[in-house]
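Take a look at this single chain in structure tokens; it is the form predicted alone.
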């Protein structure tokens, strides 16, 4: 079984009705050498061909820091014949003490045919005890949003960056929340991408003595990479929600205008360029510019403030990573209902 983890195989094929029996057998045979650990159920759903193997590789890395029971599902909704194949495996990592392997179990499924009818039973019948259920949904949502599944989900994790119709997708997410009586926490990896840039900009204004500059902000410029316009808009939504701005008008896709509490106009310019998802942010408040940009090395942020054209000595802060393992690691360490994200979305929902 440890060898299977190294090669990222799906593990041992099992009959659907014998999964629990085979897992218990696995741990009995490995007693003494391996210790099972689990803090959550993490279900991963994808309809991309080959995703079962790719997600198994991701889970091998994610479980290094987040012990769980992984339920990894690849669905082919267009298959002519219905069917389910299943495997069990374990992702094992040497403990910090270095004496024993700590392992997270994975149950893998390949669904053929009626995905929407099979999925709830597959997930719910294989949950680990009463641990919370995190559902990582790697495909666009579709109707119907099955209440049998969503009533059990504690956190739904998705990435809005590739969505073709943001508003339609959010309506489905809202529907899932309604089915679950608002207990689901929404976790958008597109929002997680902004964490380090948001923190870097916010630190300029940590001290109360700098708060007077909020009322002087007149211009914001964001440089974003191809395909990450929605990420830039979420950043704009964060600023608008935190500073009580409201949308005034748009002049083209990437030129926006907001109005502050005292009817002050704030111009937003978004520019597409090569680089990181959000490569640079410049906020102009009075005669001072606050700038956050990715350093040339790519894993640090340069932050600086000063008058336009003035030579500055930037400071360095950590930059986030855009790979799925890093994004998921950040998200799995969080708690709380993500109110700041929801407020940001509501501020720019019509623009997304």
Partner chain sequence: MNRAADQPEPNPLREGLGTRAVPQPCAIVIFGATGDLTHRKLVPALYNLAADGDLPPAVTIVGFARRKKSDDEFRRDLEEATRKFSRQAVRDEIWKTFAQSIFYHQSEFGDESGYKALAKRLDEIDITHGTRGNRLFYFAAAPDQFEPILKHLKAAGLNETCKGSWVRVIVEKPFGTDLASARELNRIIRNSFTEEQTYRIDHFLGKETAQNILVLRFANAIFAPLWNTHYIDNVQITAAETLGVETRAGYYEGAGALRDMVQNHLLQLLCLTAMEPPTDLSADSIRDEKVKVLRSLRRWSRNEIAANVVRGQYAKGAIHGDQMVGYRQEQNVNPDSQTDTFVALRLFIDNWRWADVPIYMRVGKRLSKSATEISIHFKKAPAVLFNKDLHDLNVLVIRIQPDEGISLRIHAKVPGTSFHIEPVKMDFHYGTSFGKASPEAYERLLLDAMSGDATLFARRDEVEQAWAFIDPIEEAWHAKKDVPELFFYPAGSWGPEAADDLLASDGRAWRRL
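Residue numbers count along the first chain shown, from 1. Because the structure is a prediction, the values reported are computed rather than measured.
The same protein also has a form predicted in complex with the partner chain, omitted here; what follows describes it.
Undergrad: Only one of these stretches, 221-229, 83-91, 201-209, 162-170, has heavy atoms within 4.5 Å of the partner chain in the predicted complex; which one is it?
TA: Comparing against the partner chain in the predicted complex, the contact stretch is 201-209.
Undergrad: Taking the partner chain as it sits in the predicted complex, is residue 246 in contact with it (heavy atom to heavy atom, 4.5 Å or less)?
TA: No - in the predicted complex, heavy atoms of residue 246 and the partner chain never come within 4.5 Å of each other.
Undergrad: Using a 4.5 angstroms cut-off on non-hydrogen atoms, would residue 64 count as touching the partner chain in the predicted complex?
TA: Result yes; residue 64 sits at the interface with the partner chain in the predicted complex.
Undergrad: Using 4.5 Å between non-hydrogen atoms, is residue 308 touching the partner chain in the predicted complex?
TA: Contact with the partner chain, no.
Undergrad: In the predicted complex, is there a heavy atom of the partner chain that lies within 4.5 Å of any heavy atom of residue 100, even though the partner is absent here?
TA: Within the cut-off, so yes.
Undergrad: The partner chain isn't shown here, but in the predicted complex which of 258, 150, 109, 238 has a heavy atom within 4.5 Å of it?
TA: Exactly one listed residue reaches within 4.5 Å, namely 238.
Undergrad: Going by heavy atoms, what in 301-333 lies within 4.5 angstroms of the partner chain in the predicted complex?
TA: Contacting residues: 303, 305, 313, 314, 315, 316, 317, 318, 333.
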